[in-house]
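Here you get one chain, nothing else, as structure tokens; it is the form predicted on its own.
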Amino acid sequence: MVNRRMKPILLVMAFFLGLIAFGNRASAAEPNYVISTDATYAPFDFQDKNNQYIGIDQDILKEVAKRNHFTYTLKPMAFNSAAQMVANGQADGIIAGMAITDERKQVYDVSDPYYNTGVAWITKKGSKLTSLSDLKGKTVALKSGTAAANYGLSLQSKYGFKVKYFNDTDTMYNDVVNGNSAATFEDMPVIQYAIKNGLKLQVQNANDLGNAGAYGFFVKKGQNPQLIKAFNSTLKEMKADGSYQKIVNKYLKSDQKTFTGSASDNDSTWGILKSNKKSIWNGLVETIKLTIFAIILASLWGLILGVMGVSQSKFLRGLSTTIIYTFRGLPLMVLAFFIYIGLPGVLHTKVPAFTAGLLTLILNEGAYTGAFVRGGFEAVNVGQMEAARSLGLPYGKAMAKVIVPQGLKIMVPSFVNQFIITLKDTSILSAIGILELTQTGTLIVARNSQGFRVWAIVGVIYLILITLLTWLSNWLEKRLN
């Protein structure tokens, strides 16, 4: 027979497992492949002005799917996370301007090369640096996991520069534009696209490019051989019938405004808002959904942890302390990566991004909530419990009728603060590909290179949301007191 005090814990555990199981059944019902990508790598992978995923990679992938009669679900996220999704079985394949290397062949099966590229070194526009020797003692920015980064790193000892890494292209570019780094290394078509969009960088020695190798389509080693076969056969057909070259020319030779919008769309805050209103709205809705669900469920989980923390049972008190200590000690991004990328490799089951993000917030925010809930209950004068017990109330009823109502009033300011933190923490989940407000901003910047304006817009939206949430929380606080 299950102890009554254990029932809340078992119910919560069942809920968490149910979230994973439900998400897994939902994804399993989709009769298509899951393909991950880095959608911030124009002109290979990015969003156009209509918020559709396009680029050399994406157009090739669409043609492969069309000619081989399959559908796919695209999962855009940071490059390293996108690669890990395939390695851990969360995705069936990845196409993201990913260079073919011997090390990657140990983990993945790879298609025939579909694009050969060269690496340029880039400085701020107007820079006096003219040769790689001028980089001695200076800092070079690199995007982790890319062929361009590997090429740049291979030159480090020869030319004596320092290196720092970034997870996304736009931040790396702007680090050079702002003078924090002296230079960067990048694939030539990628940097050409960015410069055409107005990024204030310049290519040094464009006629002397480093060899970065070739790009390929990757699947987990030993799995989905039919995808590799379909990709290779279609690529061969496309090169023979000219459709491959049409795709390449479309992005490397066309006017880039075809994809980014007119000057008025990108050169003013209002223009950016107007041309991206749909994607910004969708990102805002996703952020609000995550925040509402996380606030409700993390608060319930925190209340359970808090009640366990003041229980008469040593086991429950110890369990509460352990859970709170563990999940308060884990950085939110590490926890998100563990649930979304690490856990599926052990459980051999897929965890949808939204489910992983929600679980991350529940466990992390719930641990903080549990800590102040426990403190709130302990702050109630011990005489209140003694008086209730002396009147014949059992411990459980004394807690529910006397301690909890008084403790909750003490905790209201802490709840308000935690609600605001939860809203802000949703932005971290962009790292696992959830298309909330921050990830939406990243995709827009990758397309139009207007980092200052886009992040100003996103910042103002967050500020408005936090202000509204604060007003609501303060109103509730006054009603309860």
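Fair warning: this is a prediction, and the values are worked out from it, not measured in the lab. The first residue of the shown sequence is 1; numbering continues from there.
The same protein also exists as the form predicted together with ligand ASN; that form is not shown, yet it is the one meant from here on.
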Would you mind picking the one in Phe217, Phe79, Trp121, Tyr340 that has a heavy atom within 4.5 Å of ligand ASN in the predicted bound form? Phe79
Checking Gly283, Gly97, Gly93, Gly370 against ligand ASN in the predicted bound form, the residue with a non-hydrogen atom inside 4.5 angstroms turns out to be Gly97
Among the candidate stretches 373 to 381, 295 to 303, 359 to 367, 146 to 154, which one is within 4.5 Å of ligand ASN in the predicted bound form when only heavy atoms are counted? 146 to 154
Kindly indicate whether Tyr41, Arg104 and Asp187 are, all three, within 4.5 angstroms of ligand ASN in the predicted bound form, using heavy atoms. yes
